[in-house]
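Quick heads-up: it's one chain on its own, the form predicted on its own, in structure tokens.
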């Protein structure tokens, strides 16, 4: 479980606070939705979603990600993984709806690419604070229909992802995959329950990880006790009925933090 040394080969500025880092190692057997533990030397080791077999897409939000943003091509960081349970891939001919909020688009992009490679249809709803923060819009458009919502109305439906979702015929989809900020996912979850389609959904959760391999128990969710790093991060909607989703998470000490 020692980290491998990953050298940065290319960096793409996706938005003012989001960058994609390509590195010189390829995870050929990754499942869309799996994550890696990224060791930012001298700072911390944090979980990050894979946006491709040799890339992570990172939002600058804390000490570790801020330090990562200081790195340049030729610099390196440590990687362990990939870990966890990814999304269930569709069968050929199935129709999939991906619902992405902000950097929640990261694990959904490889899912969309894998689905289309199988012969499934992948449509995407992308939500962001404004048009400049829409992530991977062009890449999703190359794979299927794209629906957009922005908080400020600068593109697509003015409002949140759940507002744009209300106009879609959810019964037409065989599978629905969701990833984004937890308040957004909780709102989407409620609508999907209301529309009676929760049984064909999957959600990717974000929790604080210490080990990343299911040993420490720091990421167990209530009331099931399932570990997000090992049993997830992708869970079926049915597994999350009556769970802590949208209510609270935990900090590094294990204390509940209201969402």
Partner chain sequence: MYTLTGLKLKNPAILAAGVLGTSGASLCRVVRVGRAGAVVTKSIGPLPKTGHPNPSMVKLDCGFLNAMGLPNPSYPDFLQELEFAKKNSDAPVIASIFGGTPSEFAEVAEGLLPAKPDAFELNVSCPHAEGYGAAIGSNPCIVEAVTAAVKDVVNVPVWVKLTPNVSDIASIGNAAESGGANAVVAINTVKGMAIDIESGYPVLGNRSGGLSGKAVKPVAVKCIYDLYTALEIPVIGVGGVSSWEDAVEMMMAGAAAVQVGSAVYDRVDIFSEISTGIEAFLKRKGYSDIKKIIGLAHEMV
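Positions refer to the first chain, counted from 1. A quick note: this is a predicted structure, and the numbers were derived from the prediction, not measured.
What follows is about the form predicted together with the partner chain, which we do not show.
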Hey, with the partner chain in the predicted complex, do 16, 187 and 195 all fall inside the 4.5 Å heavy atom range? no
Contact segment among 53-61, 206-214, 26-34, 187-195, judged by heavy atoms lying within 4.5 Å of the partner chain in the predicted complex: 206-214
Using a 4.5 angstroms cut-off on non-hydrogen atoms, would residue 230 count as touching the partner chain in the predicted complex? yes
Would residue 129 count as touching the partner chain in the predicted complex under a 4.5 Å heavy atom rule? no
Distance check, residue 44 to the partner chain in the predicted complex, heavy atom within 4.5 Å: yes
Might residue 95 be said to contact the partner chain in the predicted complex, defining contact as any heavy atom within 4.5 Å? no
Restricting to 224-259, the residues within 4.5 Å of the partner chain in the predicted complex through any heavy atom are 224, 225, 226, 227, 230, 231, 250, 252, 253, 254, 255, 256
